[in-house]
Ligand SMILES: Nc1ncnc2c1ncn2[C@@H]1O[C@H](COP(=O)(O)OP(=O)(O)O)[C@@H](O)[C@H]1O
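For reference, the chain that follows is the form predicted alone, supplied as structure tokens.
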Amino acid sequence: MLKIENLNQYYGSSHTLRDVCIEAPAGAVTAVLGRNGMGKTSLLRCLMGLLPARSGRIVFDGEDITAMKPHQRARRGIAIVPQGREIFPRLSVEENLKIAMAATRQKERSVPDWVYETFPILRKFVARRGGDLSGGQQQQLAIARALVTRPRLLILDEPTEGIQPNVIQDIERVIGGLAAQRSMAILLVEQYYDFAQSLADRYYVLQRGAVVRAGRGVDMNADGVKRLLAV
């Protein structure tokens, strides 16, 4: 589904991504782990078309999208849940979801029932302004907003940041359920080791802009991934 091939990127003279190679197949959770400042944000900005790649390729569903604009990538089925959520705080839950639907030119006029079945709290607060929700509720809204676009690649950037443990469990359940449907690729960018380890089918560790270790999710403990994140 997604292939990143020998991707290089620079900020001025700083080499921020170094020959990064990552694959994220459909029906699987691919975790990208790393401490702050190790290249995760640069990688996501390149994936979304917000930063140009100096060299290498980004291939999505067999198509080279390296030079495409952000809106062109979104139209092809790539959605991101950004770090910090970035919902519209003055709009209601329902309005936030409808704006996302309109942006992808969906024919549906109302929010599908499956969204509220997946996130029951959003049905309860459907008329509440996004800015009045708790951090965990805003995160669920941000994920729902991405899902209503019916993506084929869902990117989650630090979804556990600032979230209480019970909501983290809800988010873990949702991501696991989405992967089980095997209809989309899920790219999880995360620092919280236990959360990533519980979901990952495959993992990659970034250090100083390069992939320093990769493997199967079930091997993360044996591969010493947690130690790499603590260094």
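In case it trips you up, residue 1 is the first one in the sequence shown, and so on. Computed from a predicted structure; not experimentally measured.
Keep in mind that the form predicted in complex with the named molecule is missing from the display, and what follows is about it.
**Q** Judged by heavy atoms and a 4.5 Å cut-off, are 52, 66 and 69 together in contact with the named molecule in the model of the complex?
**A** Checking in the model of the complex: none of 52, 66 and 69 is within 4.5 Å of the named molecule.
**Q** Taking any heavy atom pair closer than or equal to 4.5 Å as contact, tell me whether residue 162 reaches the named molecule in the model of the complex.
**A** Because no heavy atom of residue 162 falls inside 4.5 Å of the named molecule in the model of the complex, the answer is no.
**Q** Do residue 37 and the named molecule share at least one heavy atom pair within 4.5 Å in the model of the complex?
**A** Flag for residue 37 set to yes.
**Q** Taking 4.5 angstroms as the cut-off for heavy atoms, does residue 41 touch the named molecule in the model of the complex?
**A** Contact with the named molecule, yes.
**Q** Within a 4.5 Å heavy atom cut-off, is residue 16 in contact with the named molecule in the model of the complex?
**A** Yes, residue 16 lies within 4.5 Å of the named molecule in the model of the complex.
**Q** Partner absent here, but in the model of the complex, which of 54-62, 29-37, 196-204, 174-182 has residues with a heavy atom within 4.5 Å of the named molecule?
**A** It is the stretch 29-37.
**Q** Given a 4.5 Å distance limit between heavy atoms, list every residue of 113-127 close to the named molecule in the model of the complex, or none if there are none.
**A** Residues within 4.5 Å: none.
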